[in-house]
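Presented below, as C-alpha cells, is a lone chain in the form predicted on its own.
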C-alpha cells in the first residue's frame, strides 16, 4: 500500500516565484495497482512521481509505504524498492557502460559486489532473454555501449534496468513520449507484460489519452496540482476520449 496523506509541494517558497505544484493531494494505491496519470502541462503529474521517489519534499503532509512513514526518507534509501524510467531515453543508463554492464549494475544494485560478478555466462543468458522481449535487437548488442543505441533501445534498456530487481513501485514519467509510434507501442507492450507478470505497483504519467485509458486499472486526472478525478476500470471503460480533451 502507498498512501499520500494531504500532501502539498511548494516550489520557491516565500519568494516572488512561489508556486504550488501539489495542493493537498491524497491518494491510496493498493498493491498491484497500475495507475495512469493525465492532465495538462503544469498539472503536477511529474511532481507527484518525484515526490514518491523522494526527489522533492512536501511542504506538509505524509507519505506511507506499507504503513511506514517515509516522508523524510532519502532518495537513496527509497531506491531499494523504487524503479524509475524517465521521458528522456538518455537518462537511466550509463552511456560509457555496455548494455551488459548497465544490466549488471542494475542486478547488483544494493549489494556489496562489483560488476564482474554479474557479467558471467549465466547472467548473459538471462540478459539476452530479457532483452529479446523488447523486439528491438538488444539481445544481440550486449557488448555495445549504451551511447550507440537508438532512443527506443535506450528506453527499453532503462525499463529493463528499472525492473530487474522487481521493485515494489515502478514510476514511468512519459517514458514513451520521445519515441516513434512503432517503438512506443513495443515499449508499452513490454511494460504491460512486466507489470502484469510481477504484479508491480505502477504509476505512469502520459499525455497520450488512449494510452491512459487502455493501460492499467485506474486513471487519475490532475489539474492545477490537484487530483480532480479518479476513474476505476469499470468507469474508465465508459469514457469517450473526446470528453477528456478539455483537460489537456
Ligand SMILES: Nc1ncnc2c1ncn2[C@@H]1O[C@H](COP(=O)(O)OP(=O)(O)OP(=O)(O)O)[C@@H](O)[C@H]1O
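Keep in mind that what you see is a predicted model, and the values were worked out from it rather than measured. Numbering follows the first chain given and starts at 1.
Just so it is clear, the following notes concern the form predicted together with the named molecule, a form of the same protein that is not shown.
Of the candidate stretches 33 to 41, 63 to 71, 210 to 218, 186 to 194, only 33 to 41 has residues with heavy atoms within 4.5 Å of the named molecule in the predicted complex. Although the named molecule is omitted here, in the predicted complex all of 12, 19 and 46 have a heavy atom within 4.5 Å of it. Shown alone here, residue 174 lies within 4.5 Å of the named molecule in the predicted complex, counting heavy atoms only.
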